[in-house]
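Below you will find one chain, with nothing else, as C-alpha cells; this is the form predicted on its own, and questions on how it binds or moves follow later.
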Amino acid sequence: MNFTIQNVLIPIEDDYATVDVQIKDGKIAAISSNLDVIGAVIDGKNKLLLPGFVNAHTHSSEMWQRGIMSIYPLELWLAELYDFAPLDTEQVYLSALGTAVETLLSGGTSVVDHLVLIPGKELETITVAVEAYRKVGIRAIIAPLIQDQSLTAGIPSGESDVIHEDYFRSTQATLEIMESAINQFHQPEDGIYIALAPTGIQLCSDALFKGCIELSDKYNLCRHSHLLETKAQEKLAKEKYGCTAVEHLHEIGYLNYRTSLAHCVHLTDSDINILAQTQSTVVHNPLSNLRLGSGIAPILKYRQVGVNVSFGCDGASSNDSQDLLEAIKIGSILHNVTDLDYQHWITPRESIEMASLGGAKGLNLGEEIGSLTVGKKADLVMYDLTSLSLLPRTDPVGLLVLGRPTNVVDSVWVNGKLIVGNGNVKNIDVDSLRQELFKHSQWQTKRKSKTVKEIETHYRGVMEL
C-alpha cells in the first residue's frame, strides 16, 4: 500500500519539523514539506511520527503468571515459574497475541520473544506463537529458549557437592529441533525471524553454545541470551570457568554483532570493553531487574564505551507488564542515581534512539528499520499529541518518555501495512482476546512451589543469606 502522511511532526536535530512522509511499497520514499500525494492521504496534524520501538527481550507465555509470582530473586522465582508454567498451546497462542497488542500500543513494532517451549511440544509451541504474531502483523523475532542442564545447575554449588539431574532432552536433540524451526519458520520477508537463544551460561553447556554458533553462522541468524542477570550467576561463572562469563563466551566465539544479551547487570570493566570490541548488544530490562532484586545494569558505562544498548520489557511476570514506554522511562531515569555527573544521563531523545535504532542494530536490522530514513522499511508509530496525558504542550518527546502516556498511539505501520488505526488494532478483535484471557484464567492468591521448597535452603546458604 502506498500512502502519504501530511503535516506530521518529526524530531530533527535539537528541534522538530512539520513534514509530509511518502510511503511506497512498504518503504519510506520521501520526507519533506509539501510533497506530492501518492496513494491514500493520512492526516498527521497534531501528531508525532517516530520509528517503531523494539521490545528486545520478553517471554510471552509468562503473561499467565503476572501479578502472582512471589517476591523472590531470580533463581527461586524461576523455580516457582516453571512449577506453574502453561503446558497448553492455546495459552501460548493467546499470550503471544496479548504480548503483541501491548507492545504495539506502547510504541513497539518489533518483539523478541525468548519463547519458553512446552516439553515434547517444542515445534507446536513455536508454530502457535508464529501464527499469533503473523495474525497481528507485528515484526517478530522468535528466539526459542533452550537449555541442556537442569534448573538446579543454575545455582552455585559453593562448598557442597551437588548432583544435578540430567536434563530431559539431549543437546543434539535440542539443536535438531532448532534447525527444524529455522527451516520451517524463518521468513524475514514476512516479518518472522528465528534466533538462536540458549538461555544463558547458568543452564547451558559449551556444546549447546557452540551448536548455536554453528547454526547462526550457517543461516546468518541472530543470537540471544541472558547474561549475568544476578550475583548468583556471577559466582556460578567463576565456578564453571575460572573466569568471567563474558571472557568465556568471547573465548568460544559466541559474541559478535549479531549477538544480543539481556540484562548484563554484573559485568567488570574488562567485560564491558569486550562487549564493545565484539559489537554485542545489551538489552536493558530495568523493571525485571528491580522486581527480582537483580541490581541496576551499568548502562551509562556501556554507552560511554560504545556498546549498543536497547530496551526490553522482559516477561510479563517479572515486570509485570509489556508497556514498552514504561520500560523506556524507568530504564532512562534510573541511572540518574548511579552517576553524579548529569552530563552522562540519558536524555529523552537518546532514549527513543536506543529503543528504535538500538533495538534494530541488536537484531542486525539497523540498515532496514529503526529510524526515519528514506529507503528504510516503514515500521512507524504515530502518536496523538492532543491526548490528555501528552498535554499541555511542551516537548513532545519529553512528554512521551518522561510522562505517563496512556492511549496515545494513534497509528502503527509495520512494513508499510497499517496494523493500528485510530488507536485500534486492526487484525484481531482485542475485546474478544480480553474475554479469552479472562475465560482461561482465574483469580488466585498465594500458592506453594514444590521446587522452591527443595532448593531454597541451599540457595540461601551459598548466597550467604
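These numbers come from a predicted model, not from an experiment. Start at 1 and count along the sequence shown; that's the residue number.
Separately, the form predicted in complex with another copy of the chain exists; it is not shown, and the next lines address it.
Another copy of the chain in the predicted complex is not approached by Tyr219, whose heavy atoms all lie more than 4.5 angstroms from it. Although the partner is absent here, Ile31 is not a contact residue: none of its heavy atoms lies within 4.5 angstroms of another copy of the chain in the predicted complex. Taking the partner from elsewhere, Thr406 is found to have a heavy atom lying within 4.5 Å of another copy of the chain in the predicted complex. In the predicted complex, another copy of the chain stays beyond 4.5 Å of every heavy atom belonging to Lys426.
Among Leu208, Ile192, Ile274, Leu292, the residue placing a heavy atom within 4.5 Å of another copy of the chain in the predicted complex is Leu292. Tyr72 is the sole member of Tyr93, Phe185, Tyr72, Tyr302 with a non-hydrogen atom lying within 4.5 angstroms of another copy of the chain in the predicted complex. The three marked residues, Asp83, Gln147 and Thr451, fail to reach another copy of the chain in the predicted complex, with no heavy atom of any inside 4.5 Å. With another copy of the chain omitted here, the record of contacts in the predicted complex names 324-332 of 324-332, 195-203, 355-363, 108-116, defined by a heavy atom within 4.5 Å. Shown without its partner, the chain has Trp345, Ile346, Thr347, Pro348 in segment 345-370 as residues with a non-hydrogen atom within 4.5 angstroms of another copy of the chain in the predicted complex.
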